[in-house]
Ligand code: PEP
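Just the one chain here, laid out as structure tokens, in the form predicted on its own.
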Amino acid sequence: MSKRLIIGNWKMNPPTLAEAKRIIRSTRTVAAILEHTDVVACPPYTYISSCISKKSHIVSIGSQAVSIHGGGAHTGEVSAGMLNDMGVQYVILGHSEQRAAGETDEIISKRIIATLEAGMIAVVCVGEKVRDEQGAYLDILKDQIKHTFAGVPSKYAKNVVIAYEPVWAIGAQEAMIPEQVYETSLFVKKVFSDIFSQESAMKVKVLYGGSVNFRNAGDIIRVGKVDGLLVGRESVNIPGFKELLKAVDVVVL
């Protein structure tokens, strides 16, 4: 059985380096005893180097963003080559917060290519803003996925992870119903197959994100049958994230 993948997106948290070190140490402690789950932590840029250590094989380190540029006069930007040189293995791309700030599918596609060419794994976020009963959201999701992966060479499909995050479920009181997670994850894989190949779609990991916590994580994995989770606020809540990882690891499919 392929291992589940849990990615913690710390966003702009925590407020201090000391707290960041405490979170990564705690995450490593519980990740070390997991049998069926791989864990990735994505701290803010300023904490990445402090979170990378000889124990990064226990918890891989990812970045929350990357520049489309390889270098040069781009103030405030961080290139894929720089991240890879630091030891970063994963990069979150196309997050709904970045899309809401104006990031287009074309820009995200360039970031994906930069990430993959640098030898890292691209965690590509997709998701509809609203879910209508008529099913129009499926066409919106399909177009978003196709445009986001436009120009991405098929040889890199094996290094892509898709994080399905319905925007309406992020920060909500409840996560998406697991049965709906399962249905939509199959649709995402079908679109991925149309872009690349059926073989690629069979291998790509599809994660779910959106109001995930230790209470619902097990059901989302078991009933939703996704390959893992992209976790936001709960990933910096040490007690909650520990319980979430344990709950996911014991799920029997």
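If you're wondering where the values come from, they're calculated on a predicted model, not measured in any experiment. A residue's number is simply how far along the shown sequence it sits, counting from 1.
As for the form predicted together with this ligand, it is not shown, yet the points below apply to it.
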- prompt: Looking at 126 to 134, 70 to 78, 151 to 159, 94 to 102, which one sits within 4.5 Å of this ligand in the predicted complex if you count heavy atoms only?
  reply: 94 to 102
- prompt: So, in the predicted complex, is residue 141 in contact with this ligand at a 4.5 angstroms heavy atom limit?
  reply: no
field: Interface membership of residue 119, this ligand in the predicted complex, 4.5 Å heavy atom rule
entry: no
- prompt: Taking heavy atoms only, is residue 170 within 4.5 angstroms of this ligand in the predicted complex?
  reply: yes
field: Touches this ligand in the predicted complex: residue 60 (any heavy atom, 4.5 Å)
entry: no
66, 40, 212, 226 - the one with a heavy atom within 4.5 Å of this ligand in the predicted complex: 212
field: Members of 220 to 240 lying within 4.5 angstroms of this ligand, judged by heavy atom, in the predicted complex
entry: 230, 231, 232, 233
